[in-house]
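Only one chain comes next, encoded as structure tokens, the form predicted on its own.
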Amino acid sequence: MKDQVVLITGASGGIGSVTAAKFADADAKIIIHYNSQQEKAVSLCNKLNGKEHVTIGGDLTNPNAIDKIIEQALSIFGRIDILVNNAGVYTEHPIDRINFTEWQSAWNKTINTNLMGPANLTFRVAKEMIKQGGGKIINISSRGAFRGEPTAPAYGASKAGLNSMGQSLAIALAPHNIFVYTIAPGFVETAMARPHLTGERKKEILNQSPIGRVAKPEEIAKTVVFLASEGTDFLTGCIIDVNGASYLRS
């Protein structure tokens, strides 16, 4: 992937940071996007193999901020070859334990971050990819889009929407040599999942997979890099489950 320009959203977090490292090891140029964790993003940037990596901050729920992210990226590199829509939030909002105001707040925050953010960023990046003659877009979804999220329904809905968006755009963008893929992990060893993996649900969560554990960020990152590699064009539109057989569908 020498000289390929890769934009990874939420790259200062668990899956994002490992994915950035894998791409850097493959000689790509990384744009490390962050929202509030600038210090982590800069630290990651300094640790990556290679020297042509940058950090760019911005709130993905704000369309104007997305414009600035793209403008800054293009001013530095002139192109974006691979987009990884990784940033996301998970907020519990059990319907039997919250009021209507809390319900609306959870839905607005989750949908704006997990679905509208990737939709708007993908629009901007796809327009540039059309101009440059191609590219790849990889969305990080969730097993929850299929099995349901009873205490966080907005999360499940946002990821189901992301799945559908990816499939629709795979069809729309294929004539432009742009290929779109989706990865749907189960639980992953990240900061977002840590409260569940260290709490009273730990044993139950680990036993959801017959392997007896949750995914490592490296396993998701390797799948991202594989999809971004040459020879995967005909996988466009796919949704790849990386959940250790904790949820099977056919």
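Numbers for residues come from their place in the sequence shown, where the first is 1. Note that the coordinates shown come from a computational prediction; the quantities given were computed from them, not determined experimentally.
There is also a form predicted together with a small molecule; it is not shown, and the following applies to it.
Proximity of residue 157 to the small molecule in the model of the complex falls outside the 4.5 Å heavy atom cutoff. Taking non-hydrogen atoms only, residue 122 never approaches the small molecule to within 4.5 angstroms in the model of the complex. Taking the partner from elsewhere, residue 48 is found to have every heavy atom lying beyond 4.5 Å of the small molecule in the model of the complex. In the model of the complex, at least one heavy atom of residue 193 sits within 4.5 Å of the small molecule. Contact with the small molecule in the model of the complex, judged by any heavy atom within 4.5 Å, is made by just one of 67, 59, 219, 27: 59. Residue in contact with the small molecule in the model of the complex (any heavy atom within 4.5 Å), chosen from 89, 165, 73, 173: 89. Contact annotation: the small molecule lies within 4.5 Å of heavy atoms from the stretch 79-87 in the model of the complex, the single such stretch among 79-87, 127-135, 96-104, 165-173.
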